[in-house]
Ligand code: C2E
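So this first bit is one chain, no partners, the form predicted on its own, shown in structure tokens.
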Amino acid sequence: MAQSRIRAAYQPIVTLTPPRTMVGEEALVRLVTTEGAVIPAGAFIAAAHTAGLVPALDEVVLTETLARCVAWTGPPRLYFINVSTALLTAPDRLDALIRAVVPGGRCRTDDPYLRSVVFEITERELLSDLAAVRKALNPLLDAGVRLALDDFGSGYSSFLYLADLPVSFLKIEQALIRRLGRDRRVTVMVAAVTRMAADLGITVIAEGIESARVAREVRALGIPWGQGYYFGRPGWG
């Protein structure tokens, strides 16, 4: 898998209260075939895990996104980047990647560019070794990088993660979001999580919003930010 065929596509994250504003974007890994076709992560990420290539994918996406952050001259914007435990627990490599892209950037320096970066970690990654992940994150957090817990509700959803990690953003699994307004139990659960996150000072982001109906349901629960095809598909621009 040649690195030149790996690209980062970017999907907007927006506020849900008028006037709707783009506040950030998530970097999503894509594979571009030799014929130019774009293949989403779901079609190849399992094979990449099996082959041990996920850290290499992370490096490409991280490098591209940091460069995009440095080049941006518009209104403030957050850059959400999925990072595997394998890369997080290789601090020297991570530090080298940041140094290579960010002017003066390093994991132990408070840098204005790094304050625009949000690392997304899934519950699956945290299950491997929460203590090791927290130790690896400390220098990044000191540098200004923020943390998002991704796909909340797709696994064990242990509240210990919220208690033990300085999470700034909570991204609710899209399978739950799509059931809002049609499944009372799910609606009650998501509403409770949203209230709890607000009390903890955590910003909730609803994933997978694909229709005006779902956008209305999400907004009615007080979820402040959203992401999904309804607002924009991942792209290069």
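Counting begins at 1, following the sequence as shown. What you see is a predicted model, and the numbers here were worked out from it, not measured in a lab.
Missing here is the form predicted in complex with the named molecule; even so, the following discussion is about that form.
**Q** Which of V54, I202, V193, L31 has a heavy atom within 4.5 Å of the named molecule in the predicted complex?
**A** Checked against the cut-off, the match is V54.
**Q** Within 4.5 Å of the named molecule in the predicted complex, heavy atoms considered, which of V186, V38, A198, A41?
**A** For this set of options, the contacting one is A41.
**Q** Taking the named molecule as it sits in the predicted complex, is E207 near enough to touch it, meaning that at least one heavy atom pair lies within 4.5 angstroms?
**A** E207 belongs to the contact set for the named molecule.
**Q** Please determine whether V61 contacts the named molecule in the predicted complex, using a 4.5 Å cut-off between heavy atoms.
**A** Yes.
**Q** Going by a heavy atom distance of 4.5 Å, is G228 a contact of the named molecule in the predicted complex?
**A** Output for G228 is yes: heavy atoms within 4.5 Å of the named molecule.
**Q** Do I45 and the named molecule share at least one heavy atom pair within 4.5 Å in the predicted complex?
**A** I45: yes, in contact with the named molecule in the predicted complex.
**Q** Since the partner is left out here, which residues of 175-205 would have a heavy atom within 4.5 Å of the named molecule in the predicted complex?
**A** Counting only heavy atoms within 4.5 Å of the named molecule in the predicted complex, the single contacting residue of 175-205 is R178.
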